[in-house]
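One chain comes next, on its own, written as C-alpha cells: the form predicted alone.
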C-alpha cells in the first residue's frame, strides 16, 4: 500500500492541466486565470486629486495666504488653465491636477469668498495653521500600476477584487481554465434516493450530494449519475456514461467483498489502475486510475472512493481536491496543513495514520482544535460539528492538552 504522500504524488503525476477557454468577465467569478494579465494603461492615467479642495503651488502656502480661484475642475473634466503664482483651481476628488499645481489643500482648511453670490470664482484663503508640501493629496500617474506591468499571474482564482481590476484594465473577456466536469456515481444495492424512506437493510444515498457539494466547493462542476446497483451490466453502463466527463468519482464497491465490482468493471471499460489501497484511516480502499485519451476525447481521471461516507469525504478532501487544483493549475496543489493547539487530552490508538474530524476555533491564546465525538467512518452526523480534520500518526499515544497538531481545514 502507498502512503498518503506517495498516493498524492501519483495523482499529481497523472492529472494534466485542463483546457483553456475564453469567457465573459461577468461569468468569471471563482474561475482560475489561465494567462498573466498585463496593464495597457497607467493607473491612474493622470495625476489626480485625492480630496475635494484647491489645487495650488505648495510654495504659495505659508501662514494665512489668499489665492485667486481661476477655474473649477470636476471628475471627468480636463483643466484648461495653468495655475500660476498666487492662483488656485477649485478641484473635486478624482479630477486631473492642472498644470502648474503640485498640491491640494482640502476644502475644510480654507475659506472662500466669491466675486458675487453666483460666481464660482473669487478668492480662497488658506488658514494660518495649515502646512502644505509638494505632492500633498495627489495620486501620481501610474502610482498604482504602470503600463506594461504584470498585474496578475496565471493560476489565480478570480474573486471580486480581481474582476474589478480586470475591468479597469479593459478585459471584457478573460481566458480561464475550464472548470472540470466531475461525474458522481454511488454504488450499492442498499442505497435508495434521498427522498425515499429506507426499507429493511437500506440507507439513503448521502454520498452523492456530499461529493457533489465537495467538488463544487473545490471549483468543479458536478454531474450526478444516481445509484448503480451491484450488478455488472448496470454498473458497466453507468461507468461508461461517467467516463465521458473529465473525472469520475465512484463511492462504494472498491474493497474486497463479493460485490465490490468497481475495479474489474473499470478495467473492462479501459481504465488503467494507478494505485489501489493506501495507508490511512478512514479511506484505505481508495482506488485511482485513468482512462487514456482517445482520438477526439480527453482523458478521464477516476477515483473509486470507499462507500462509508466519512471515508469518502476524507478521501475527496485529500485526493480529489488536490486533483482539481492540479487540473486548474493552482499553486500549491497540496496546501500546507495548519497547526493548532489541542484543547484537551486524548488517547489515540491506531494501526494507520488517522484523519479524525475535529473543530478548529480561535481562542485568546491562538488557534485551538478540539476532537469531535466520532465513532467511525459511517458516523456522518458527527462531521456536522467538525470544520477540519486532525492527522494522528499510527501507533498508541496520549496527546496532552496544549500540544501542537497539524490540521486540514474543511
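Positions refer to the first chain, counted from 1. Just so you know, these numbers come straight off a predicted model, no measurement behind them.
Omitted here: the form predicted together with a small molecule. The next part is about that form.
With the distance limit set at 4.5 angstroms and only heavy atoms considered, check whether 214, 246 and 326 all reach the small molecule in the model of the complex. Result no, not one residue of the spot touches the small molecule.
Can you tell me whether residue 141 touches the small molecule? I mean in the model of the complex, with a 4.5 angstroms heavy atom cut-off. The answer is no: residue 141 has no heavy atom within 4.5 Å of the small molecule.
I'd like to know if residue 109 sits close to the small molecule in the model of the complex, meaning any non-hydrogen atom pair within 4.5 angstroms. Outside the cut-off, so no.
Check whether residue 340 has any heavy atom within 4.5 Å of a heavy atom of the small molecule in the model of the complex, and answer yes or no. Answer no; every heavy atom of residue 340 is more than 4.5 Å from the small molecule in the model of the complex.
Is residue 252 near the small molecule? Define near as a heavy atom within 4.5 Å, in the model of the complex. Residue 252: contacts the small molecule in the model of the complex.
In the model of the complex, which of the listed residues (71, 102, 162, 260) lies with a heavy atom within 4.5 Å of the small molecule? Looking at 71, 102, 162, 260 one by one, just 260 meets the 4.5 Å heavy-atom criterion.
Contact assignment for the small molecule in the model of the complex, among 167, 149, 203, 297, heavy atom within 4.5 Å: Exactly one listed residue reaches within 4.5 Å, namely 203.
Given a 4.5 Å cut-off on heavy atoms, tell me which of 168 to 176, 318 to 326, 206 to 214, 232 to 240 is the interface stretch with the small molecule in the model of the complex. Contact-bearing stretch, as computed: 206 to 214.
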